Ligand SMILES: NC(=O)c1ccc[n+]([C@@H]2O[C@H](COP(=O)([O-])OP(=O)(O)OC[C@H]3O[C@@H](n4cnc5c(N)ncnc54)[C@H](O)[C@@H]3O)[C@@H](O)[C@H]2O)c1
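A single chain, nothing else alongside it, follows as structure tokens in the form predicted alone.
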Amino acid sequence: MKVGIIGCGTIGSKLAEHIDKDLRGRARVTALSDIDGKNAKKLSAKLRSRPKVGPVERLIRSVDLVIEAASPKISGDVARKAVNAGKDVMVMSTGGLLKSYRSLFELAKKRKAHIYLPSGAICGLDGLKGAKFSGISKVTLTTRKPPEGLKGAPYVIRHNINLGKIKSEKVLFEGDAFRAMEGFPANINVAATLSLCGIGPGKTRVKIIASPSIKRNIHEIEVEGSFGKLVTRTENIPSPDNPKTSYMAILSAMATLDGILESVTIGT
């Protein structure tokens, strides 16, 4: 399987290295694209497959699977271009899909293309998918992060929040998944993924808390419905290369890649 990766930062690089080392004979990175061409060339030089570096459009035409690991600003456009071309696509920046996900999913059906959304930094999506068949009345996500992990978020900037002065746990945001993604696009893709898997972004409730006493990104999910109640808590170690990215998000993407290539599926 020929794989093209858009975005050569922390996640894109780790996935490229995983494919190059662990999936040899089954998959190969053949194309890379990044807003900074130097990043893509540097990554290409590290890989045995020596993928070509070029624009997004050429990458999509040349591969079997497109992996978006860039930004919510472009993920929706990348996914639509890939699906339009009849190519499968794995999206890491799921927040970029929220505004037009219904039309994108319908387009994928028409083009017979697959869209893969890894679980990312949360657990419990398997139970949530099953619970949908009985009816779900409530889905909430509570995210706690060290203040420095929220640096640069539009919501923080807009409200002039001085993260360095937060000395005790502070609720920064409460609202639906749409508003959460608008305010924290680089921090909380889990809210988008959870909402797309469950009852939609407008009904999924999100609370974001800055907590200076913790060193991990913590996501708590609570689901209620006719099936009963589901509660999960995931404590993620931040990626050493990027505190805004949970290590589990990278591992989840690796597992998704492996699942695409496997003939046996375990779990919902």
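Position 1 is the first residue in the sequence shown; the rest follow in order. Everything numeric in this text was worked out from a predicted model, so none of it was measured.
Not on display, but discussed next: the form predicted together with the ligand.
Quiz item: If you check S62, T232, S49, N39 against the ligand in the model of the complex, which one has a heavy atom within 4.5 Å?
Solution: Selected option: N39.
Quiz item: Just one of L172, V139, A108, A186 has a heavy atom within 4.5 angstroms of the ligand in the model of the complex, so which one?
Solution: Only one option qualifies, and that one is A186.
Quiz item: Tell me which of 91-99, 194-202, 158-166, 126-134 has residues with heavy atoms within 4.5 angstroms of the ligand in the model of the complex?
Solution: Flagged stretch: 91-99.
Exercise. Using the partner position in the model of the complex, report whether V83 sits within 4.5 Å of the ligand, counting heavy atoms only.
Key: So V83 does not count as contacting the ligand.
Quiz prompt | Heavy atom of N242 within 4.5 Å of the ligand in the model of the complex | solution = Judged by the heavy-atom cut-off of 4.5 Å, N242 is in contact with the ligand in the model of the complex.
Self-check item: Exercise: I35 in contact with the ligand in the model of the complex, heavy atom 4.5 Å
Solution: Yes - in the model of the complex, heavy atoms of I35 and the ligand come within 4.5 Å of each other.
Quiz item: Heavy atom to heavy atom, is V53 within 4.5 Å of the ligand in the model of the complex?
Solution: Judged by the heavy-atom cut-off of 4.5 Å, V53 is well away from the ligand in the model of the complex.
Quiz item: Listed by sequence position, which residues of 46-80 have a non-hydrogen atom within 4.5 angstroms of the ligand in the model of the complex?
Solution: Contacting residues: A69, A70, S71, P72, I74.
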